[in-house]
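Two separate entries follow, structure 1 and structure 2, each one form of the same protein chain as structure tokens.
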Structure 1
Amino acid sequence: MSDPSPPSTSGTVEADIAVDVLVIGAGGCGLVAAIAAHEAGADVAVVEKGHAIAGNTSLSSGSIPGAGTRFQVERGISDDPARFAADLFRVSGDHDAPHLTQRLAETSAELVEWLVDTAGVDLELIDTYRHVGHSVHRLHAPRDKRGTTLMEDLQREVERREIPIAFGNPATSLITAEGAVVGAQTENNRRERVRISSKATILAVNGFGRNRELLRRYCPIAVEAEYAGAATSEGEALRWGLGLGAATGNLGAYQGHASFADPHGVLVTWTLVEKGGIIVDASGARIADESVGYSAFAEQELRRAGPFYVIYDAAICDAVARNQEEFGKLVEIGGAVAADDAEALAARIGFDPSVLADTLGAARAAATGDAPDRFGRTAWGNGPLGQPLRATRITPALFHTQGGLAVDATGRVLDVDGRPIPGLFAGGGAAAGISGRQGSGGYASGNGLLCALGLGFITGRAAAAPVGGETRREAS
């Protein structure tokens, strides 16, 4: 992919359209930012290079962590931002954006409740299992655990507010004047140039997971992983920001997923593992502690040759298929190999039956507490796997990058001297994330949507704040 055009600079901005806040990208971050800015009284427009609502939020389970929400209180769960931040730091270790970890943890409960009460998103607390990295139940998701459902709710609210979204209208460069970002040049469906001026511009275009050149430069460990993220994650925000002298952070971090169905090409829910499933390599042996989570475990797989299989029992399969539609569809199309016992399963997937039997026997002994697990796993969900058995062939995947432009606690993009670049904000995959500096091991469940929706919420409000006087309209 060639570099986008460099920023355009002029003393006088000639524009075809003028708005208070321009949002570039119509994923989860962009739609939340647009709603938040509109609620704060700004005139908002969104441009999106794709031809429909998409992005990594759509590909997710729609799970958003919130600490101290009313939904937790209703279930008798005690939680607070300090506990949440401590959980996040325990997983991520030190990184370049600790202020964002603190701010996002502090904002998380307000975000979840605002999504429900103001943005019209239907969410419920997931309390049937605890997600990777969290010491209490704090993830909130649509009832069907589908990111597309979350996005449909957000789009419905954007349409209700009559916020325009220009699909198929990519931003090709940022416009600057006297050191400030004052809008963007875009291209409409007729490939005509359209210049949009704005008092604030929010970069919500996601990361650079689909750009192999940028991956090789900044996140080389993920280059060989199957890419399972949005096709539009091509790194424009990073290139534009670097062209303006922006600082960056955590560029070597990424969200991996150890369980990408092969050859079906869909993410296989980690709930299978959280309920007691195991992952084996081509010999039928386990390779590490699966409870480290889908992102950290992906790195374990990338160091080895596949194929890999997630093995679980029929009870887990049936329970998860009932509650997670995407997995149910995978089962329907033959993505779960069925067998009565280890010997029959080994025959079906080409394993040495004695190796697989030994692997399952050791895992069952660890799950019952009869013997320590050789890899140190202590969390076994429902307990030892029963029979009949199920297996799904998987491969490690890159879902999205977790590094990006350095931003302050309000989402303003910072230059290499730590000063805000006037008029420019970033969120989601465009901004430095909170999942560590390098690799996939620093990712806690929900980090991606916490940064996407959380920074969308924060930047939308902050970007609307300069709008005042006669230019400010009444908030809907």
Structure 2
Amino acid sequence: MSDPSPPSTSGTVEADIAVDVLVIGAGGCGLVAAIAAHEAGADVAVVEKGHAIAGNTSLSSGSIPGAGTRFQVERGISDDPARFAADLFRVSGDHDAPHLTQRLAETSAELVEWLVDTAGVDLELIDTYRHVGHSVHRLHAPRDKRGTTLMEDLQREVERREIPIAFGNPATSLITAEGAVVGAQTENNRRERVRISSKATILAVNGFGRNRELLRRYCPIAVEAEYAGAATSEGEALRWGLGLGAATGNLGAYQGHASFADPHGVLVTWTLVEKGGIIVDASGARIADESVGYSAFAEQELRRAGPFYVIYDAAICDAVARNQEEFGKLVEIGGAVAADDAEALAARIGFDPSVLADTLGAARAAATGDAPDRFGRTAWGNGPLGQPLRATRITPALFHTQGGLAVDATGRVLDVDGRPIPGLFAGGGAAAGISGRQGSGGYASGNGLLCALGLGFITGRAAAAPVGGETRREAS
């Protein structure tokens, strides 16, 4: 892909299929948008590039923030949209889409309750650990903390409503007429082209994490990171939108993860750090305050030469392996190097023994409160690291890009003069996010799904509005 300008077909639409609302992409944003638009009375169709549901939402832990939900009230947690928005801005700083932060915070409780009550998604409040950036417990997730479970629930609801999803049918271009988007052209696996006309088209195709050329241009630091998101995030929304004169926002922001097992290629849970683990470079020295969180710490690693290691103790290792299946498997296949003490660990991995001894001594002193931490870390989980020790080699990963097309508070894509491009909506990773303008430090836990499911909910309703259908209480 060498040209960032999009293919776009224009002229009178001689459509093979006509719908009220066309949703491009069957991820979290797309399925929520489809359900919301259908509930609002629209005829809806979804086209999906993959042969099954397999986007980033499936890879996630399915954790969605909601401020002021009945699930929080049941646990005696006091929360509201203003507090949530303040938390988000504290982490993100200023950025190009403050109206989205406000709107998504205001909609978040309604979203979570709608997902449970109308979309058939089984969610519970997570109150066993505090998420990065949130001053209260407000993330809600499937009981097994798996995005696949969330997506199975959404797909079941889409099927119950008999909304068609055409798998293996990537949209290849948008169709325009007189400056409005009036549908899209798709291509099936027999390379047959199908033109679908629509009164509204929702871009729910995620971001550009898999497109190295777009990354290099808009989010260069993330090019160096291992890509751990879905292979389907190839940046079509950005390319098509730019070709139509759309404005963009927050393109330099991304969600990273500081601990992706190297060379095993699986996520090493950040719980190891939250319970007191530390991250060191190849010499055995710490590089920064790990408690900034897994996304912000990824950038600390990307600015330096690797490899990096997370060091924890056997008690942390055993407890986490018991509770987190993926980490347990990593330990089983030798992903946690064991050593009785610092000297033995230095010998096994090749750290400078005196550097590692100093690092561990200083970290233990900071964890017990005997001395301030030189990087300012104050949260030490279980306290000072004990012995025997464990270490896992890690590398920074890119989960997804956070920037995208500029949209208004109803998800309408805006041109460079701030005017809506008629017929075109965007949500999730396709739209400008709420995690700051640059880098990985502005990401609060749950921002990805809040933008995906929240903007899906908002755009689905807004896209159905011109259709004027009556709200469906029950799917036919």
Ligand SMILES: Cc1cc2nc3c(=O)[nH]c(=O)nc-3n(C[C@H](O)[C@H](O)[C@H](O)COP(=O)(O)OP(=O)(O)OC[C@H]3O[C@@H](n4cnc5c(N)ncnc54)[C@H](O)[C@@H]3O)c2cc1C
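In this text, the rigid core denotes the largest set of C-alpha atoms whose superposition between the two forms falls within 1.5 Å. Everything numeric in this text was worked out from a predicted model, so none of it was measured. Sequence positions of structure 1, starting at 1, serve as the residue numbers.
Each of the two structures shows the same chain on its own, and it is structure 2 that derives from the form predicted in complex with this ligand. Among Ile421, Gln255, Leu215, Thr271, only Gln255 lies at the hinge, the spot where C-alphas switch from fitting one rigid part better to fitting the other between the two structures. When the larger rigid part is held fixed by C-alpha fitting, the smaller one turns through 11 degrees between the two structures. When the rigid core is fitted, Gly328 shows a C-alpha shift of 4.5 Å between the two structures. We note a C-alpha movement of 2.8 Å at Asp281 between the two structures, with the rigid core held in register.
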